[in-house]
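Here we start with a single chain on its own, the form predicted alone, put down as structure tokens.
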């Protein structure tokens, strides 16, 4: 008993105080877990239909510089890279950014045959890139996870080129009530806003030509499909019919000044 008391006392005296993880660290830990379970690669199957429809609206040109924000395992980054590859306008570059270092590791391993892709580990709230760089930005199914959406939009505004175009695609929003069925199943906090609220948010951050539309998912749902996210298969089908929310906006024709310090 005495030995146990001494051990407890020593442990208490020398213990490092508990460090509460930051919001970004919580996201990193959760999506590292997703990566280890292969969820990053599954996202292609779940989101390919709505992502391809969005990419067609992006009107990507060879030579453009593109950011895939919240790239996960990099499947959408590779779709973008094929369209922005070398052409008469120059050599296009696609950067995939994710808060999960394990997702980035997997994305790099799966993209060895591409010479116009760079994957970066970092936060949407402090994008490790220079000002006025990206012609187009795509974000698929990640924006509602960002703890500080205002800060993320300020960062996107900073790194986008003058008149650059922003495309944010999300499945979780208030106007698709079926999407709310899986909020409680998530292990990290999320934002739940309406289409009108998101439009106002973008305008508040000085974005122009703000548009929103719903992108239905036309992939069939087999009768034997097993879902844990929805109450029933009919709810899942209704969710897909209503579709994801696509937000589109432009940066005005202005340049952000470079800061007086390094940001990366």
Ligand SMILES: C[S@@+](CC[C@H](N)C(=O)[O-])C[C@H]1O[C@@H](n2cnc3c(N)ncnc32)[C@H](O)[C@@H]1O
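Since the structure is predicted, the reported quantities are computational estimates derived from the model, not experimental observations. Positions refer to the first chain, counted from 1.
There is another form of this protein, the form predicted together with the named molecule, and it is not shown here; the text below is about that form.
When contacts are judged by a 4.5 Å heavy atom cut-off, residue 31 counts as touching the named molecule in the predicted bound form. At the 4.5 Å threshold, heavy atoms of residue 111 stay clear of the named molecule in the predicted bound form, well away from it. Contact check for residue 199: no non-hydrogen atom falls within 4.5 Å of the named molecule in the predicted bound form. A residue is said to contact a partner when one of its heavy atoms sits within 4.5 Å of a partner heavy atom; residue 141 meets this definition for the named molecule in the predicted bound form. Contact check for 71, 98 and 146: all three have a heavy atom within 4.5 Å of the named molecule in the predicted bound form. Of the stretches 222-230, 36-44, 54-62, 205-213, only 36-44 has residues with a heavy atom within 4.5 Å of the named molecule in the predicted bound form. Scanning 84, 103, 168, 156 against the named molecule in the predicted bound form with a 4.5 Å heavy atom cut-off leaves one residue, 103. Checking 117, 124, 107, 137 for any heavy atom within 4.5 Å of the named molecule in the predicted bound form turns up a single hit: 124.
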